Ligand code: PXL
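Taking the form predicted on its own, here's one chain by itself in structure tokens.
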Amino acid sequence: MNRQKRVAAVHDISCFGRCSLTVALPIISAAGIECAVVPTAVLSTHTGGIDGYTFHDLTDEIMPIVQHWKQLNLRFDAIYTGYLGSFRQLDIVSAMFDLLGSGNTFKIVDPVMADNGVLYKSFSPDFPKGMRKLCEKADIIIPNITEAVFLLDEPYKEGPYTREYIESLLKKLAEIGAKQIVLTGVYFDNEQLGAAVYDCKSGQIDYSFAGWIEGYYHGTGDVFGSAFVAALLSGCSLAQANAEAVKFTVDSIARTKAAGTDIRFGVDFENGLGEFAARLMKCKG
């Protein structure tokens, strides 16, 4: 039997509302990959469309966890980061990459900070510059279109997009330093939505799309990112991992829409985990 892979997921915990660690942990685990967690904060619910949530900052706990893991000589196949709420957390995660990221460890950064052309209210206008510094140390970054233009300090453009525009974004993002780029929220018309991937070494660009489903569903970025990490660590190629993540995310949205569930509560990814894990077995050979 092959050695079990291990991922360190650095995200907050929203105790209700599927996002961040409550998404990353089950999706990555379903792929047969051990998922260790570094919680950056604890919230009663996620913050999208829900008022009155509680929040407890865990910044002071992050480095002691990392240092203990270092003492235990733990090895990780990937370090996967999501929402980081402050410049201090960016600096701590950067140090974590140095302490725990060996030459064989994928450093994967989802630069969660903006959507729909707008920076999240909790961030100052200079936050993207700090996130860009963290992305410089990553092997793979997973921005959406809005986050991409903030990282590049460019104005936001509404879609649909042209292939030329998307590919120019990918190549500019590559200049930040990551070896592979995954760009989400890509669409060339109002019928399909998906993601593009760019392997900076080979110059290969691949796309994956699925049918457009109307509505804004919370937590789908975390679902996509976690599925992508699970697929990549299962042995899928960059293009295959992208395709699996797109399918898993869109299928989760479709189940949620069909059930009429309150979209603030996240998407039903749980009922797709078995099928997802079975598909990833093909990558494992």
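This structure is a prediction, so every number in the text was calculated from the model and none was measured. Don't overthink the numbering: it's just position in the shown sequence, from 1.
Only in words, not in the display: the form predicted together with this ligand, which the text now covers.
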Inset, instruction - Spell out, yes or no, whether the shortest heavy atom distance between G225 and this ligand in the predicted complex is within 4.5 Å. - result: no
Inset, instruction - Find out whether any non-hydrogen atom of C19 is located within 4.5 angstroms of this ligand in the predicted complex, and reply yes or no. - result: yes
Inset, instruction - Please run the contact check for V112 against this ligand in the predicted complex: heavy atoms, 4.5 angstroms, yes or no? - result: yes
Legend entry - Y120 within 4.5 Å of this ligand in the predicted complex, heavy atoms: yes
Inset, instruction - Determine which one of 256-264, 225-233, 40-48, 66-74 lies within 4.5 Å of this ligand in the predicted complex, judging by heavy atom distances; exactly one does. - result: 40-48
Inset, instruction - Just give me the residues of 211-250, first to last, that have a heavy atom within 4.5 Å of this ligand in the predicted complex. - result: H218, G219, D222
